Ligand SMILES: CC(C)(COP(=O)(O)OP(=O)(O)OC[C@H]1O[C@@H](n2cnc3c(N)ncnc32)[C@H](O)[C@@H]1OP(=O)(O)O)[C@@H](O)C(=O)NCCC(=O)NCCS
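The data below hold one chain only, encoded as structure tokens and taken in the form predicted alone.
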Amino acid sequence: MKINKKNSLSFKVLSSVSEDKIKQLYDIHLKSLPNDIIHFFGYDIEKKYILGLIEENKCRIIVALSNKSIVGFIILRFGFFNIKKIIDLSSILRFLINSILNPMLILRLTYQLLKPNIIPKQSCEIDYFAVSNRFKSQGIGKKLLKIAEKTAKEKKFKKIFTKTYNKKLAYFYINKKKAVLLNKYKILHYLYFCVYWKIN
């Protein structure tokens, strides 16, 4: 479904993705948010995660395109997904090897497993949100958020929840979206913000 086109940019809401599109999503996610834990399990896990969400009809992927290439995206998740069912031995080994170089990973993962997010009722979740570094400060993120809100509303959700360690983004939600700060916690030098806002 085509949403908008402006200055060679277009926006689409996807309910399915090709292998090539998954690779583009992964590349932007890795470069824009290199410290997200899922990266340390490897590409295959992120691919299985995205395909699992789609298969269970638990997400929509909102993308910004420039010349048919993805330059930004939001994964809007509609319910719980058990990530344990896609973790395999090779991805665990990869994570452990990465943890030798970065011991903080084990601490971050343990905390997130033991302290799962409590998502408000009638909320969907912005799971991943990233814009290519070359396309930042062009209003792409705001447009993706606007379409995410419209998509959530169409799915009968009244609120959007998200968690971020991007302080600037967290304060954008709080100041511009009038988001409620549910919780914030620190894992070493990462300060996480858990917020939600009502969809107008």
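Residue numbers here begin at 1 and follow the sequence given. Note that the coordinates shown come from a computational prediction; the quantities given were computed from them, not determined experimentally.
Form predicted in complex with this ligand: not shown, discussed below.
Contact annotation: this ligand lies within 4.5 Å of heavy atoms from the stretch 163 to 171 in the predicted complex, the single such stretch among 38 to 46, 163 to 171, 149 to 157, 51 to 59. The closest heavy atom approach of Leu30 to this ligand in the predicted complex falls outside 4.5 Å. By the criterion of a heavy atom within 4.5 Å, Ala130 is counted among the residues contacting this ligand in the predicted complex.
Although the partner is absent from this view, Ile70 stays clear of this ligand in the predicted complex, with no non-hydrogen atom inside 4.5 angstroms. At least one heavy atom of Ile140 is located within 4.5 Å of this ligand in the predicted complex. For the partner-free chain shown, nothing in 57 to 77 comes within 4.5 angstroms of this ligand in the predicted complex, judged by any non-hydrogen atom.
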